[in-house]
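As structure tokens, one chain now follows by itself in the form predicted alone.
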Amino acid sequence: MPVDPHAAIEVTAFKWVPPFAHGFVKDMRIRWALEEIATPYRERLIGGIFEDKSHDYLADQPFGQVPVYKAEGISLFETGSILIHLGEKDERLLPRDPSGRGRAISWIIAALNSIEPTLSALMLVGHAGAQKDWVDDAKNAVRPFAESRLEMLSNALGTKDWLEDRFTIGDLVMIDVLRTAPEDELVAAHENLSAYVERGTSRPAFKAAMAAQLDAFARNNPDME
């Protein structure tokens, strides 16, 4: 479903981020979910990731991040809350039975609270400590926490295609978190997690969302390769 400037749903995204972040900014998660349910949306592109944000934008997103979701008089921030809202509207994202719904939401929270922080810590150490003599020691101190959590996740996934009996927004968030792992071998150490990420990123909706995010960067940064 292409981006539609006349769509009722608005999703914010950055005009510019460093090249290493192309395809990884978190509006991807909302774009992906909307593609899964063939729902058009319009982009509201705001300044670069390091630019100061307007007071109006900070009223919508107190931390100046993306995305912000607006539709039908509702304004939401944080990808988890937006995805649950979308899931409530369409059972293709969130099961309607109480058990399935609860488990999918549990996996969203697990991805954001139990997996992503360990991977983000490792990434931040690498970027903040680039060319500094303490970075290797810091990475070595943080990495075991990420490895432990990924081993637990691998055990939970087992031989299943998805975390539960079907694809949900719990898988969408978990897969997007896993593909941002700052060291490829962290996920590659678990064959089932590698296959899980490949399965998710092979979905047509993911590919359409990725193309849309990259197109937005290309349109606003003509020198981007």
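Values in this document were obtained by computation on a predicted structure and should not be read as measured data. Residue numbers here begin at 1 and follow the sequence given.
One more form of this protein should be noted, the form predicted in complex with a further copy of the same chain, which is absent from this view; the next part is about it.
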property	result
4.5 angstroms heavy atom contact with a further copy of the same chain in the predicted bound form for K89	no
In the predicted bound form, D60 touching a further copy of the same chain (heavy atom, 4.5 Å)	yes
is_contact(E116, a further copy of the same chain) in the predicted bound form, heavy atom dist at most 4.5 Å	yes
4.5 Å heavy atom contact, A38 to a further copy of the same chain in the predicted bound form	no
Heavy atom distance at most 4.5 Å to a further copy of the same chain in the predicted bound form, all of F77, G80 and R103	yes
a further copy of the same chain in the predicted bound form - contacting residues of 84 to 98, heavy atom within 4.5 Å	I84, E88, P98
